[in-house]
Ligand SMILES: Cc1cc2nc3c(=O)[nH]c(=O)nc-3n(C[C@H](O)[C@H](O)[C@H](O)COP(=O)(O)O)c2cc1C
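Next up: a single chain in structure tokens, the form predicted alone.
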Amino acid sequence: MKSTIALIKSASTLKPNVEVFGVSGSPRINGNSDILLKNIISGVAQEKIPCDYLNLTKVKFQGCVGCEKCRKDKICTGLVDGMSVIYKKIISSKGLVLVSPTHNYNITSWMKAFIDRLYCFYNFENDRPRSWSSQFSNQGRKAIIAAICEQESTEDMGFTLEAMKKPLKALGYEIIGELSVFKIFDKAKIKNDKNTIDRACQLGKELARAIK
């Protein structure tokens, strides 16, 4: 455990590389969100930029417990789990892609837990109310966010995009692209939506070019 913590704490001082990391928050492995993410990443790869991705349900981790140890350590040391490996990917990647289906007008519980665990990258002062900054500020980090909804309106999608966008912007990411997909629920049906697949791939290319 100590060696894992030491590794992530040292990684937190590194500048990001020109590479992209993608995350799917869907509980459906190889479902619509995963397919959308893979096509965004495919666009990144076509620009010869190193990239990787994962589905959060394959990682054993839990949500933030509010222990506040990260205020001193600058990385999450209160929990050592699958997120410890993910941290290294996030820290080293200048580009980030988040994709989530809409669950009850919002992101999934897996994506929410993931975002909450990024809290450790904030720096807090001792004034009241506390002023804060981000360890990721001024590093040229860029992100793309995408959401998929069974229904057909932005109202039905609720807060899904905003729940990803606002925390990332606070952390210092520039959101260079957003993608909303509607009226798709059946597993893997997004493959039949050529326009959306093409748009996803194009967004990946745009992200790769933005971080070069």
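Numbering starts at 1 and runs along the sequence shown. What you see is a predicted model, and the numbers here were worked out from it, not measured in a lab.
A second form of this protein, the form predicted together with the ligand, is not displayed here; the remarks below concern that form.
**Study point:** S109, S137, N104, N123 - the one with a heavy atom within 4.5 Å of the ligand in the predicted bound form
**Key:** For this set of options, the contacting one is N104.
**Study point:** Single option in L179, L171, I184, C70 placed near the ligand in the predicted bound form, where near means a heavy atom within 4.5 Å
**Key:** In short, I184.
**Study point:** Touches the ligand in the predicted bound form: L37 (any heavy atom, 4.5 Å)
**Key:** Taking the distances in the predicted bound form, the answer for L37 is no, it never comes within 4.5 Å of the ligand.
Check your understanding: Is there any non-hydrogen atom of E150 lying within 4.5 Å of the ligand in the predicted bound form?
Key -> E150: yes, in contact with the ligand in the predicted bound form.
Check your understanding: Would R28 show up as a contact with the ligand in the predicted bound form if we use heavy atoms at 4.5 Å?
Key -> Yes, R28 sits close enough to the ligand in the predicted bound form that at least one of its heavy atoms falls within 4.5 Å.
Check your understanding: Just to confirm, E162 within 4.5 Å of the ligand in the predicted bound form by heavy atoms?
Key -> Contact check for E162: no, nothing within 4.5 Å of the ligand in the predicted bound form.
Exercise for review: Given that the partner is absent here, state which listed stretch (45 to 53, 61 to 69, 151 to 159, 171 to 179) has heavy atoms within 4.5 Å of the ligand in the predicted bound form.
Suggested key: Looking at the partner contacts, the answer comes out as 151 to 159.
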